[in-house]
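Next up is one chain by itself, shown in structure tokens, the form predicted alone.
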């Protein structure tokens, strides 16, 4: 593995909480790894498991999903649906031959910019430790 290896990470962030938390981190000048590519979604419940599979198919080394804390969803139940769906996602990833450590779901509110940076940094380090995904997975 090259010393210069930097994992490609895709982040799906809920518009109302997690994206605002990432924005707060930026406006507070708290740094986090630049190799995460953020996709803003209306709600974490909008993230389809096929989106995650497609990210891995297209070469992502990791997928990070962040949404509102349970009970604080702006769409009332969206994060509950997401939580149930993502529990099953680990089994699907294993079936596809992808380590479930390459995928993480977290709850981050708009006021938790520092928490967001810590989670993204730790996830990036974990994925970097796993190394690049093998071709054909």
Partner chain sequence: MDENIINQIREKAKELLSSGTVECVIGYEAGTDGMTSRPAFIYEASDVERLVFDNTCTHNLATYLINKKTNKVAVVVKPCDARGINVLLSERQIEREKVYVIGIVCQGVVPVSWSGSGKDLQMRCKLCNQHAPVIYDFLIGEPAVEPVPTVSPWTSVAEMESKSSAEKTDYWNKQFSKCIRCYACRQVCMGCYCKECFVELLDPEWVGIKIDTSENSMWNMIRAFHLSGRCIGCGECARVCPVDIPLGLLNMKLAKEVAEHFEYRAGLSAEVRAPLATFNKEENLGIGE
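Positions refer to the first chain, counted from 1. These numbers come from a predicted model, not from an experiment.
What comes next is about the form predicted in complex with the partner chain, which does not appear here.
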* Asked: Within 4.5 Å of the partner chain in the predicted bound form, do 8, 30 and 36 each have at least one heavy atom?
  -> no
* Close approach of residue 49 to the partner chain in the predicted bound form, 4.5 Å, heavy atom -> yes
* Asked: Does the partner chain come within 4.5 Å of any heavy atom of residue 53 in the predicted bound form?
  -> yes
* Heavy atom to heavy atom, is residue 111 within 4.5 Å of the partner chain in the predicted bound form? -> no
* **4.5 angstroms heavy atom contact with the partner chain in the predicted bound form for residue 60** => no
* Could you run down 75-96 and flag each residue that has a heavy atom within 4.5 Å of the partner chain in the predicted bound form? => 77, 80, 81, 83, 84, 85, 86, 87, 88, 89, 91, 92, 93, 94, 95, 96
